[in-house]
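To begin, one chain is listed below as structure tokens, in the form predicted on its own.
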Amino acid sequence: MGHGIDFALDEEQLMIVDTVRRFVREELLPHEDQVERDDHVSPELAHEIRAKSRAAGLAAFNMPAEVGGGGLNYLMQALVERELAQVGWGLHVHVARPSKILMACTGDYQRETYLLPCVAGEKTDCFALTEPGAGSDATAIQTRAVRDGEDFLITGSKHFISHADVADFTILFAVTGTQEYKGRRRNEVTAFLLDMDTPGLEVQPARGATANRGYHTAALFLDNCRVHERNVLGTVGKGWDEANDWLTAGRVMVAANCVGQAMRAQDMAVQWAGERVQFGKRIGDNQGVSFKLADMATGIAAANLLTLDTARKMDAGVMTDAEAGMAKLFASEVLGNVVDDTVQIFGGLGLMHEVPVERLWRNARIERIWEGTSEIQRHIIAKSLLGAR
């Protein structure tokens, strides 16, 4: 089923979307069943995907052209993410998208050691913010970095750090002081570029997650982990300044991923409803099924338009945090409804490993949690409304 593309893309942009769609179909989807069975992407396959994505011009598509990236604007990034989401994170993560916060790298050392190797696909980063006692409330992080001459000694822990088991370095946030803010003391947070083989850093992979097999999280434990001040990303005490724009933009890309997953689920539901015969007719001819399909199509169309419009506003420099939150909230909840209805349409078969429906259902659930829960997005949206009064 065709879903169409909005916002009047030109021929070159349409070609990019078609290239990504073909890449997913030919280079990623054939490996999906094996990754689901093994909960593992071999280093050889990961290397192959990275090499082929570079050859196709897709690697680092989210990074500016002046550092060697693809230079796509946010609207095009959202459309690319929508296509990549047709397959799980375990595979499409290897079409490298370095954390754009790395554009804050300064000087030859940071650029040549971290930024440029990531853009070239030679290194992989991960983003370490979440802690056992600081999930939704990121300002409550307890990991501390204490200055010791030209170094910092970092002690603390992080958890649910995506891709940390295979990353070369982490962008890690730690408290380096406090300041007065609206009548109370508030943590000053600093971002550090920390190699994963740094003494005092232990990476403990976490296995057994329901969603996104082959794409793992890890816990990080830091015990007087020594890092030189040249590895401070940005300015000491200004870590939130480096992180906020990237985190907000990331919510729009999560929304695009959700739309792509929902589109795949809808295609499966429509095909099954048109083929499956019960009581002498297609199940899609029953209102109990056909109305679900209608609701799917309507929700996906609305989520798609909202997501792309938010990406367009980001390109224009006028997007608000609330608008990014709306896109992430709405698209992730539409996805949840779509995959649940798709399972219902497939019946018991929808929960069997032999069809991809159950993996879409499993993978969808995390989208309402990571990059800010649905509750956090509602808080941001409501705060913007009440603050304007």
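Given the structure is predicted, the values throughout are model-derived calculations rather than measurements. All residue numbers refer to positions in the sequence shown, first residue = 1.
Unshown form predicted in complex with a small molecule; subsequent notes refer to it.
Candidate spot Ser162, Glu375 and His379, all three in 4.5 Å heavy atom range of the small molecule in the model of the complex? Yes, because Ser162, Glu375 and His379 each have a heavy atom that approaches the small molecule to within 4.5 Å in the model of the complex.
Determine which one of 154 to 162, 310 to 318, 222 to 230, 107 to 115 lies within 4.5 Å of the small molecule in the model of the complex, judging by heavy atom distances; exactly one does. Stretch 154 to 162 is the one.
Interface residue in the model of the complex among Gln266, Gln77, Thr217, Thr190, criterion: non-hydrogen atom within 4.5 angstroms of the small molecule: Contact residue from the list: Thr217.
In the model of the complex, the residue from Thr178, Ser136, Gln287, Gln278 that sits within 4.5 Å of the small molecule by heavy atoms: Residue within 4.5 Å of the partner: Ser136.
Does the small molecule come within 4.5 Å of any heavy atom of Leu129 in the model of the complex? Heavy-atom contact with the small molecule at 4.5 Å: present for Leu129.
Using a 4.5 angstroms cut-off on non-hydrogen atoms, would Ile366 count as touching the small molecule in the model of the complex? So Ile366 counts as contacting the small molecule.
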